[in-house]
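Here's a solo chain for you in structure tokens, the form predicted alone.
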Amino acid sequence: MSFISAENIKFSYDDSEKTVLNGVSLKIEEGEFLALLGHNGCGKSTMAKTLNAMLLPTEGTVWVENMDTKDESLVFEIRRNVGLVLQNPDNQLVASVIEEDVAFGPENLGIPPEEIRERVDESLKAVDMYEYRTHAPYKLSGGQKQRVAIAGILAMRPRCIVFDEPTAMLDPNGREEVLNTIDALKKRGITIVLITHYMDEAVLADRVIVMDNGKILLEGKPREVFSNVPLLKKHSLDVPQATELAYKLMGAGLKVSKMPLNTDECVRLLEEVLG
């Protein structure tokens, strides 16, 4: 069985008659980097919160390592395995000193003090924030705050981290810091689920799922998904800038053998077609 498996998930908020998730099924393998895309209101953030039992499906089942998220006795273990990093890091920082903030999760797990010290140091080093361990969070940049929030999740030793638009509030430097951190975590074998509006972030993933109106619209490797430019545009969804340019070149009558996903691939394409 897959590490995380969602089976025909439906979800509606109590104060709304609208079905936010409408029969979503997906599987996430351990060690995979999955990007979840879609415009505002499509259900992707709601889906993210069902993966660690922050939200429970109205219908259907989410399994995390064979644990049903609706089983209240397993919620603690599920959240230990699947951490969630939110869009605004200020919503996850709870202490006035960085190392105390990172220690908050392990303390609540009942970890012995000496091991907490080890976990805090290890997690801050993993996100390149160890030298700031005695600083106050409010003195940090947005990207640094987000890395501290990630360290706080790492200190709980999760096997999967779900990132809900972690770069949406950051400047380009902050985005790069967080993406470099996500890449380092992926190389350590941690399962990554990235919810994002940025197509250039999605192309870094092993697999992409595109959601629309509470359902899965497309699923596959980045090149497979972003080759469906007409379908994505029909649903008011973006594609990477390199892919957009190639699509326009095709519309102008130029032959494009393969849709580029990034700047380097786009340069090679232009050299090929413009010769």
Partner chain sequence: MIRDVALGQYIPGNGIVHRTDPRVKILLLIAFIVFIFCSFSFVSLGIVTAAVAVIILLSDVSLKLYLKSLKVIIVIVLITSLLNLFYGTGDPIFKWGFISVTMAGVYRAIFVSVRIILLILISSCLTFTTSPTDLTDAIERLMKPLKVFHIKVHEIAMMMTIALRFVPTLLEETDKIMSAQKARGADMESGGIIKKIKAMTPVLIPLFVSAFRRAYELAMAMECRCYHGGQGRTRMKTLHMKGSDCVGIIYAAVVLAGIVLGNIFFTAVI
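Nothing here was measured: the structure is a model prediction, and the numbers come from that model. Positions refer to the first chain, counted from 1.
Same protein, other form: the form predicted together with its partner chain, not shown, and the subject of what follows.
- Residue 172 falls outside the set of residues with a heavy atom inside 4.5 Å of its partner chain in the predicted bound form.
- Residue 105 belongs to the set of residues with a heavy atom inside 4.5 Å of its partner chain in the predicted bound form.
- In the predicted bound form, no heavy atom of residue 135 sits within 4.5 Å of its partner chain.
- Though the partner is left out of this view, residue 52 does reach within 4.5 Å of its partner chain in the predicted bound form, counting heavy atoms only.
- Relative to its partner chain in the predicted bound form, residues 36, 42 and 211 are all farther than 4.5 Å at every heavy atom.
- Residue in contact with its partner chain in the predicted bound form (any heavy atom within 4.5 Å), chosen from 204, 86, 179, 192: 86.
- Contacts between stretch 72-109 and its partner chain, counted in the predicted bound form as any heavy atom lying within 4.5 Å, involve 76, 79, 80, 84, 86, 88, 90, 91, 92, 93, 94, 95, 96, 97, 99, 100, 101, 102, 103, 104, 105, 106, 107, 108, 109, listed in sequence order.
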